[in-house]
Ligand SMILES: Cc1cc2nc3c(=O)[nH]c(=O)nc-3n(C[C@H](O)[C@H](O)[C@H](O)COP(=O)(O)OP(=O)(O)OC[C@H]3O[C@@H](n4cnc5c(N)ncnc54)[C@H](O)[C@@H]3O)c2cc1C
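Take a look at this single chain, the form predicted alone, given in structure tokens.
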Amino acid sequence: MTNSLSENPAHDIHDIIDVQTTDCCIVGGGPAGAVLALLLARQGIPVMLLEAHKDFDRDFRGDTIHPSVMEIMAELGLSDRLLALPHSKIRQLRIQTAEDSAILADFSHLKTNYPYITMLPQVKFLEFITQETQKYPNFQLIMGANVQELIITDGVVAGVRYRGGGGWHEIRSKLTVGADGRHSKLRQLGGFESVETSPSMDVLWFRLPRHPEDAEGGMGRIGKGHILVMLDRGEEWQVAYVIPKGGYQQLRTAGLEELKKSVVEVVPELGNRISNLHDWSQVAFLSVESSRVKRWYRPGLLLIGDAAHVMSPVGGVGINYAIQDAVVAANAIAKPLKNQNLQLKDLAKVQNQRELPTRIIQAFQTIIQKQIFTRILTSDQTFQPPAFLRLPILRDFPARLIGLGLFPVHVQI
């Protein structure tokens, strides 16, 4: 018996325009979904990648590619071509106050061929990966595919139904992978239960011109009650303005001029370009969340990336943990898919290998938020960087955790 999880399907079965079949249907064309599709396609496995939007170009997506991902790209023979794209490099994460500065993480000490964070627009990374994947005839990319329903056969997820291209479409698959981000539709449809934390901050994102004489890389700037993070994007600074949780409406009420004033108070050298910020439409609001699902899989369905664990922006690790999920998933499911004997235990391997690193990085993010960010945002006193940041042996731990992750992940297929 075949049915949908939706009690009231939004269509009649006769509305389905076409039905396609594949071995693996991946929902979500972000970093996790795109890399998983590439890895499976290289193995000759029929794979379809569904992306709800009509292109990959969305503002203020994560643009950080950490050493862990560059090592994976090297294993795939893609690192040199990826680095040929216009990018910048961050070798240190530094926090600076009006009176002092300290290095939060120094990636130059890492034992890797890529001892830095690569700043590359995510749209360019996704275009690069999907163009590489399209070289394989067993791969199909469908843009503008808005997945609305799961197909359930005898308790097993057997595919999806999506809207796009003028109507309803159906894809039957041996495995469906939810890689559709922090607001995952598949997580909702699959009835997955989440464990949530309560982050103490939100973030406003905007861009300002970067001048040739400006310092390179990334930095955090701290004033009394204010935090700004500046990421080098070549001709622009991508600026994260950290605010207390729930403080966005209060800031909007105070007005854009008040925001601009506080930015210049923290980073005076932006005073000669803050006028470029002239409308709230230039400011993107990110409600910071942190959570993970208790179980990442059910028969026929696997969640990876932000669909399985929503990350705080602290450390910019979301992309990298998502791609590591994709590699572990490919290692676990490729052979069973090819041999037509995929079992629930193969999906369980993904969570078994990835849950501990996820728990640890989320705990690390929580400590940073509570011990540093919350103290700054709730105090009018001058912030003093923690003493441990001055000890190189301790400073190397955040660099390793952020840059490489708890355990190395390698392509094994």
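Counting begins at 1, following the sequence as shown. A quick note: this is a predicted structure, and the numbers were derived from the prediction, not measured.
If you look for the form predicted together with the ligand, you will not find it shown, but the lines that follow are about it.
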Quiz prompt | Contact test in the predicted complex: I360 vs the ligand, heavy atoms, 4.5 Å | solution = no
Exercise. Using the partner position in the predicted complex, report whether A52 sits within 4.5 Å of the ligand, counting heavy atoms only.
Key: yes
Quiz item: Heavy atom to heavy atom, is W280 within 4.5 Å of the ligand in the predicted complex?
Solution: no
Quiz item: With the cut-off set at 4.5 Å between non-hydrogen atoms, does A329 touch the ligand in the predicted complex?
Solution: no
Self-check item: Single option in V293, M73, L259, V147 placed near the ligand in the predicted complex, where near means a heavy atom within 4.5 Å
Solution: V147
Quiz item: Only one of Y248, W205, F128, Y136 has a non-hydrogen atom within 4.5 angstroms of the ligand in the predicted complex; which is it?
Solution: W205
Quiz item: Counting only heavy atoms and a 4.5 Å cut-off, does the ligand in the predicted complex sit next to every one of G29, G181 and G316?
Solution: yes
Self-check item: Proximity to the ligand in the predicted complex (heavy atom, within 4.5 Å), stretch among 304 to 312, 79 to 87, 166 to 174, 264 to 272
Solution: 304 to 312
Practice problem: Determine the residues of 106 to 144 with a heavy atom within 4.5 Å of the ligand in the predicted complex and present them in sequence order; the list may be empty. | Solution: Q122
